[in-house]
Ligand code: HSE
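Listed next as structure tokens is one chain, alone, in the form predicted on its own.
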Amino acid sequence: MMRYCRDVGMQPLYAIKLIMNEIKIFCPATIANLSCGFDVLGLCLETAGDEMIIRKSDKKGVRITKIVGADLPLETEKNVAGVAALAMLDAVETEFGFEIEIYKNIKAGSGIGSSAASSAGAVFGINELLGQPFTRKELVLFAMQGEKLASGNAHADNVAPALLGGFTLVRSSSPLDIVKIQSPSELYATVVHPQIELKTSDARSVLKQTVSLKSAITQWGNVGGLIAGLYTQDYELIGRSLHDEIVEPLRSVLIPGFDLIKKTAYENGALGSGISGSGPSIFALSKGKETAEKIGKAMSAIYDEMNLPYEVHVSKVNDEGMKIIAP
């Protein structure tokens, strides 16, 4: 069955072939910002994520038929997965539609890319069913529409690493220009999520619209240092660069025990630590799994003492990104 894609400024008209009727995928969690890279840097996690089942439907359009693990809207236009999928289908001509089942393991408002996992997962799965008419980088544009629904801003720092894997740098959002950066082989992430919800839109509301030149210069240096550290596998440079001069001082007050968690992460061998995305999750990067697990235990002890429920994830950087679980 052949269908056609309109020119959407990315590639010319071509035929699309539906290659299978159903797919099950893993939609990974992500860490955005990475201290110095507000809205431009992110990394993909390996051990945390959602699952989605997407199937072809004889009825045109997109329908969310099931959501397990979260109280989210089934209405297509109110769900980030639905909005992202609709944006993609605006660029292709088909005589059929798609149904989406979402199995949420990433809590909304956790700071590890819950909305991005759904947005990116929807367009990745549909693209696979259609025979991959779009590259993974091209899918980012569609997934960003889901992020716009979630936060009011079409940012790519979560959906880009979810789709591409590894570390990603969003050099520009308009026009979209994304660079994938390979992760050093021994780099691990530890993430602790205190069980409170902090909406991205609320976390953005505390930010200032202007920053001092001095702070901006410091931040630019850290972004450059982090990128250089990743490319040269210089773990000490990575650690020195994981410093946020602009956003963290404003957002950290919204997160219980932030300063103590960060201090404890350093004391247990972290290269660097900061707010994951818009929070309330806190991340630490370290060299080696043993150190990452040690940091996780130390973080846990703090929230145990505070009697605050939490989750901890220890993960190697996921270089693959989205992946198929079952055809």
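What you see is a predicted model; the values in this text were computed from it and never measured. Note that residue numbering follows the sequence shown and begins at 1.
Here the subject shifts to the form predicted in complex with L-homoserine, a form of this protein not shown in this document.
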*asked:* Please determine whether each residue of Asp39, Arg204 and Arg251 possesses a non-hydrogen atom within 4.5 angstroms of L-homoserine in the predicted bound form.
replied: yes
*asked:* Using a 4.5 Å heavy atom cut-off, which residue among Ile295, Ala32, Ile54, Ala29 comes into contact with L-homoserine in the predicted bound form?
replied: Ala32
*Segment that reaches L-homoserine in the predicted bound form - one of 64-72, 256-264, 45-53, 276-284, heavy atoms within 4.5 Å*: 276-284
*Examine Arg136 and determine whether its closest non-hydrogen atom to L-homoserine in the predicted bound form is within 4.5 angstroms.*
no
_in the predicted bound form, does Asn158 come within 4.5 Å of L-homoserine, counting heavy atoms only?_
yes
